[in-house]
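Take a look at this one chain, the form predicted on its own, written out in structure tokens.
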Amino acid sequence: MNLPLQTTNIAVPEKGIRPLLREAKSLSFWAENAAPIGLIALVIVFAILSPTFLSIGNIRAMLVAAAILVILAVAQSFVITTGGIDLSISATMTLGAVGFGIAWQAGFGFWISAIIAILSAGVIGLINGLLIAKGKVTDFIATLGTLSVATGLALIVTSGKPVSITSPDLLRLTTGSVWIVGYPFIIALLVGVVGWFVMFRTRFGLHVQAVGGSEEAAVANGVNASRVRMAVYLIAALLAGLASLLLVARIGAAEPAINTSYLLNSIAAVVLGGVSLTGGRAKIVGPILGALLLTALTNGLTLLGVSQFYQPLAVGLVVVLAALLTRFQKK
């Protein structure tokens, strides 16, 4: 007896350029890929307008300049994925730099001074976490307050004067490279790799995304939301402390004055990278590309002789456009 054959229709994904062209017609495609598309477009434009933009020396300089912002962008990604924001991250980095400078002046070696720098920054992160997770203070107010505290402490302990540092280890960190990739950017890439692994391959990363998506649902499933929030602010501060070492190495001094551009650009890089400011949507590679985009934009405008007064305007326009595109991201 012959039984009727049953056939099942299996959808086979289309191959070739046509599906990609169809996706490109959707605003969600541009929203999902704003950072890589923008970076490629900038590289092409500046390469045409400035013959030195893609020179080996300039590429190396851009990567070194981007290293600090890449680390801060990864740090902000953890916080923003939970639906929070860290306004104190730049001041925390400044305090870490000052901690390194004071320890160095006191006669401690490079490694002890580096540990003190990272721990000094970590204290601010711990305070942020306690205020937000345990004290139920809104993240905006809590981190705005610790921004002022960290800034004040940095100015008090240095009397408002930069602490000059001459260290062979810092000099090696600044000048060393593997081909055109400087040591600072290699460190930043390692931070990005570890950050990606923690976010997407560990239970903690899953909890971070769950808390940002719906804290009530996360708690109902056994996630300790308070502990997760404390952890992400501590991680952000410790990474800011690591970034402070690169900052000291770059300028050769512990500067107590806060550089707010790092704060604004770290948030901008996260927005460009496609991380939702409302939480629950995590990305690591996107914010890294966003940091590279902002660095390339600033570098390209400088090479073209554009006044520094116009550069924040250009960065602001790019970020606003990226924020508008996030409305069309796939849920």
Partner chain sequence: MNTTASVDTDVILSAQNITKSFGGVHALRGASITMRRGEVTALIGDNGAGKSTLVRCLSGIHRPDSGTITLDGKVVEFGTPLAAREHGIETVQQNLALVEELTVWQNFFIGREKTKGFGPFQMLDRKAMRSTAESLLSDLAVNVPPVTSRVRRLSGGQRQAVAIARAAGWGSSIVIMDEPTAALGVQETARVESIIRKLQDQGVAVLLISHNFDQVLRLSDHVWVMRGGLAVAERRSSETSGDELVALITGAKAA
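Residue numbers count along the first chain shown, from 1. Note that the structure is a prediction, hence the values are computed from the model and not measured.
The same protein also exists as the form predicted together with the partner chain; that form is not shown, yet it is the one meant from here on.
Asker: Indicate whether Ala217 is a 4.5 Å heavy atom neighbour of the partner chain in the predicted bound form.
Answerer: Contact with the partner chain, yes.
Asker: Should Gln209 be classed as touching the partner chain in the predicted bound form when contacts are defined as heavy atoms within 4.5 Å?
Answerer: Yes, Gln209 lies within 4.5 Å of the partner chain in the predicted bound form.
Asker: Check whether Gly280 has any heavy atom within 4.5 Å of a heavy atom of the partner chain in the predicted bound form, and answer yes or no.
Answerer: Heavy-atom contact with the partner chain at 4.5 Å: present for Gly280.
Asker: Please check if Phe197 has a heavy atom lying within 4.5 Å of any heavy atom of the partner chain in the predicted bound form.
Answerer: Yes, Phe197 is a contact residue.
Asker: Heavy atoms, 4.5 Å, the partner chain in the predicted bound form: which of 182-190, 149-157, 199-207, 165-173 makes the cut? Say which one.
Answerer: Looking at the partner contacts, the answer comes out as 199-207.
Asker: Sort through Leu119, Val223, Leu144, Val137 and report the residue having a heavy atom within 4.5 Å of the partner chain in the predicted bound form.
Answerer: If I apply the 4.5 Å criterion carefully, the residue I get is Val223.
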